[in-house]
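Below sits a lone chain in structure tokens, taken as the form predicted on its own.
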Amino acid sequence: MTDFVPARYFTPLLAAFFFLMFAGDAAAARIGELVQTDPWQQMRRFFTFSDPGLRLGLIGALLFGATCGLLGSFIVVRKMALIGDAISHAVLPGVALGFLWSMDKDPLAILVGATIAGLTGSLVVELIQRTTKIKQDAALGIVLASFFAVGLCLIRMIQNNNGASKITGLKSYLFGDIAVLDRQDILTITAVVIITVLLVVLLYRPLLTIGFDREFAYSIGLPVKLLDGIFQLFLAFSIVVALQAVGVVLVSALLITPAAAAYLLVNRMHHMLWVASAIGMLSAVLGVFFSFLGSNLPTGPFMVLGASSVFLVAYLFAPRHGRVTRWLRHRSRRRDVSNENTLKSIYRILEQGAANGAGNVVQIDKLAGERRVSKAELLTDLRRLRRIGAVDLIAQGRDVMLTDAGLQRARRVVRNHRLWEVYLTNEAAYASNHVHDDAEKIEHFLSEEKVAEIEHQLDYPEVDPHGKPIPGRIGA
């Protein structure tokens, strides 16, 4: 199991943090106050980082994008997507209570209140599961809706008592508004991110064990309940720090979507953590960028759309699991099978001709009859085989002959076919007249190692169940 080593990966993030945080301020509006709508001018301002509000927004985006991707990876692996969604809604009452504590948008008070509310929501879900017949999904739905409703009521009461001016910052937690981030918010987010990264570094192996085999974690004495509580605590922290930019409704998407995209792209957990963090940061920065191009454009939805776009690309083009990639691989496999079937048919005709004293040339008309395809379709296959150097077309395209490379490939396919027929008759007690169809399917997928193993097991047979010779191994 590979350890999780964060230092070299977070160096660029720290460098960006210090550059953006302490760059010289310019007299410019915050993101939410921009009235300039010329996209080219806005792009220039974005890439020069001339606006202090933009710099703070980018810092926040990079930080909570990284931590959401990091913890989101464990959520996806542990199949906790609904739990993340429930906690993101359950923290809203805590946000309102943290605001009531100081009657102002104090990041620390709101962080504490929201974290307590999120953990309370998790405990209520577990209590409902333990004391009733209700399953987890129903309990999550109850808690999600109930806590969210309480939070909305509290926000409305605060608004009625204090007016719209004081509630502006608080409403950003509901709908998301990265423009309200200030230096104190950034410092709070930074502290949460640093502690979260340290948590993942120190508890990587136990969290990984719990994520993939919970029963094994119990058997080796890991404090599973305690680790679950710690993880949910920091999950609540991460949700709260992202709430201001994305909002309660969409924050779960920023947790899940980057991690889901990374899950399709890589096969190792430690790779997934870094890829998910990178996608989270990219999605957050894309959200800031596109919302900066116009006036009053929402940042949170653009962030989620950025993450969804990356997920769509991964869904279509991931190396192993992408739909387009799998289609191309299947198409290539079908083409290879067709090529090998054509070469096998040529070899069989040549084999029959050799018994009759014929030469090494096969008539295309005869080959089309053997393959049971039209001459036009066969010529298409033969031209493809000629491009890869397996056959030569002669006599003005009326005849075909195998090259040395084509002959070797044809012998390999025929050997696999006939050897598998022997295996089925000797080891699986198949009737000799029932083995052909199975051998037709498996002949294209036997590796040289498996063929050598079968040959050794069968004591190197020389003929198949029908008395036809089995070609020798290539190079033998």
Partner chain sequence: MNLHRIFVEPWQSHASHYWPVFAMAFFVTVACGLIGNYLVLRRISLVGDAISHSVLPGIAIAFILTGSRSGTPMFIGALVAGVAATLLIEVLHSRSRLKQDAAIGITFSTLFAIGVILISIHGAHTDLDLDCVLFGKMDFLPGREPVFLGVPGVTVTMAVVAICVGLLIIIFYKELLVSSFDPSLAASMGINPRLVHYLLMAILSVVVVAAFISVGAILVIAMLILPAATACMLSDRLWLMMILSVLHAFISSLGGVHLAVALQVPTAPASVVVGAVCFVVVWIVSPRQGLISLWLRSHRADRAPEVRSAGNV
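As the structure is a computational prediction, the values presented were derived from the model and not from experiment. Numbering follows the first chain given and starts at 1.
In what follows, reference is made to the form predicted together with its partner chain, a form of this protein that is not presented.
Q) Taking heavy atoms only, is Phe311 within 4.5 angstroms of its partner chain in the predicted bound form? A) It does: once its partner chain is placed as it appears in the predicted bound form, Phe311 has a heavy atom within 4.5 Å of it.
Q. Any chance Trp274 has a heavy atom within 4.5 Å of its partner chain in the predicted bound form?
A. No, no contact at 4.5 Å.
(Q) Quick check on Gln396: any heavy atom within 4.5 Å of its partner chain in the predicted bound form? (A) No - in the predicted bound form, heavy atoms of Gln396 and its partner chain never come within 4.5 Å of each other.
Q.
Within 4.5 Å, heavy atoms only: does Phe148 come near its partner chain in the predicted bound form?
A. Yes, Phe148 sits close enough to its partner chain in the predicted bound form that at least one of its heavy atoms falls within 4.5 Å.
**Q.** Candidate from Leu140, Leu111, Met281, Leu243 lying within 4.5 Å of its partner chain in the predicted bound form - any heavy atom
**A.** Of Leu140, Leu111, Met281, Leu243, the residue with a heavy atom within 4.5 Å of its partner chain in the predicted bound form is Leu140.
Q: Identify, from the list Leu379, Leu82, Val361, Ala368, the residue with a heavy atom within 4.5 Å of its partner chain in the predicted bound form.
A: Of the listed residues, the single hit is Leu82.
Q: Kindly confirm or deny that Val373, Gly389 and His466 each have some heavy atom within 4.5 angstroms of its partner chain in the predicted bound form.
A: The answer is no; none of Val373, Gly389 and His466 reaches its partner chain.
(Q) At 4.5 Å between heavy atoms, only one of the stretches 180-188, 401-409, 331-339, 127-135 reaches its partner chain in the predicted bound form; which one is it? (A) Contact criterion met by 127-135 only.
Q: For the stretch 246-273, return the residues whose heavy atoms include at least one within 4.5 Å of its partner chain in the predicted bound form, in the order they occur.
A: Those in contact are Val249, Leu250, Ala253, Ile256, Thr257, Ala260, Tyr263, Leu264, Val266, Asn267.
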